[in-house]
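Next up is one chain by itself, shown in structure tokens, the form predicted alone.
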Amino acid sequence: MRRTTKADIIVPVFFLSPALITLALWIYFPLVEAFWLSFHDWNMMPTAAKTFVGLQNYERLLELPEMGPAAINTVYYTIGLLPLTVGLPLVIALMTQRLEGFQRNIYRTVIFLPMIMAPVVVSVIWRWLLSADYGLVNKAITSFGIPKVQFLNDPDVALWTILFLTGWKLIGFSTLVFAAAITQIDKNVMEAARMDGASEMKLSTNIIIPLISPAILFVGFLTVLHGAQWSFVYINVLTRGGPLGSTTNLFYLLYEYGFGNFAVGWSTAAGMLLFAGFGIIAVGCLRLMQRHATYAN
């Protein structure tokens, strides 16, 4: 066997260096700096000193009364999005798998359209549609004799409204992921099952769903890890965490501490707690994917 030379090491590193430098500058360096700031008190002013306070930021965070409800809401956002980002898109992908040509292109364009719209623009449109005074949704509801619904002003409804809007925007992405996974299944396997008398229901449950399980698990884990974060824009534009803190989650609190109160130490400490918590969840998700994903080979 040929001996490893310096060129064998230097050349791959040279080609990887742009990506490595980008990761270091935009991900790892800010992460290290945020970890360092989490032990300091600073108000973001360039001339203000960064005072070392040790673990006080973490202790104060855990004592804040709004942290408990925000953590519970984060769980609601995380789990509540799964039916909209996994369940419904999977059903749509299975029902439309046999569309071809022009029909398939139209369907994919329509269902993916919400995904490419800017979240702020979507939020403004939905605020107009859901308005209790002049919104089209409430006008349609009252036409059936049903009282108006305070979608964004009722503490019992606002969180589920934000959750629906977040999921509505992501349905198209998940559907296309599942549709692409279905197209990768060997057609001979599906035709053989049909020739053996398998119904479309059995074909979906016994062949298609197991073979696209990597895609299902991927979308599910993506939702668990980022679902609460995806809802931030809608919370910030539509409710500002209200009413009565009913829509606040940990990501919105992190933003409020940092850019609302200029409490950088609290904000970065909250970020580090989120990073650690979701890092553990990510490791668990990867282990589950390794154990439960089914591949054709």
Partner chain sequence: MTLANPSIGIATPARSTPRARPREWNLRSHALLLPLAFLCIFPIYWMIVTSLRADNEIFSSVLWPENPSLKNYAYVLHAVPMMKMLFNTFYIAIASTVLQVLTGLMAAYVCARWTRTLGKWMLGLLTITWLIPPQVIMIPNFVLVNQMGLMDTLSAVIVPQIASAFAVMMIYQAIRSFPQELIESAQLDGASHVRVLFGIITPNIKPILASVSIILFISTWNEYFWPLLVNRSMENAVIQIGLQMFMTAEGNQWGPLMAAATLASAPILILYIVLQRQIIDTFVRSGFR
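Every value quoted in this text rests on a predicted model; they were computed, and no experiment measured them. In this text, the rigid core denotes the largest set of C-alpha atoms whose superposition between the two forms falls within 1.5 Å. Numbering follows the first chain given and starts at 1.
Unshown form predicted together with its partner chain; subsequent notes refer to it.
Contact with its partner chain in the model of the complex, judged as any non-hydrogen atom within 4.5 angstroms, is confined among 70 to 78, 142 to 150, 109 to 117, 155 to 163 to 109 to 117. Among the residues Ala198, Ile207, Ile185, Leu82, the one placing a heavy atom within 4.5 Å of its partner chain in the model of the complex is Ala198. Although the partner is absent here, Val224 sits far enough away that none of its heavy atoms falls within 4.5 Å of its partner chain in the model of the complex.
Though the partner is left out of this view, Tyr255 does reach within 4.5 Å of its partner chain in the model of the complex, counting heavy atoms only.
For the chain shown alone, Asn138 is not a contact residue for its partner chain in the model of the complex, no non-hydrogen atom being within 4.5 angstroms. Using a 4.5 Å cutoff between non-hydrogen atoms, Ser213 does not count as a contact of its partner chain in the model of the complex. Contacts between 22 to 39 and its partner chain, taken as any heavy atom within 4.5 Å in the model of the complex, involve Thr22, Leu23, Leu25, Trp26, Ile27, Tyr28, Pro30, Leu31, Glu33, Ala34, Leu37. Once the rigid core is used as the reference frame, the Cα position of Thr239 differs between this form and the one not shown by less than 2 Å. Relative to the superposed core, Pro18 shifts its CA atom by 2 Å or more between this form and the one not shown. Comparing the forms between this form and the one not shown, the C-alpha position of Leu250 differs by less than 2 angstroms, with the core used for superposition.
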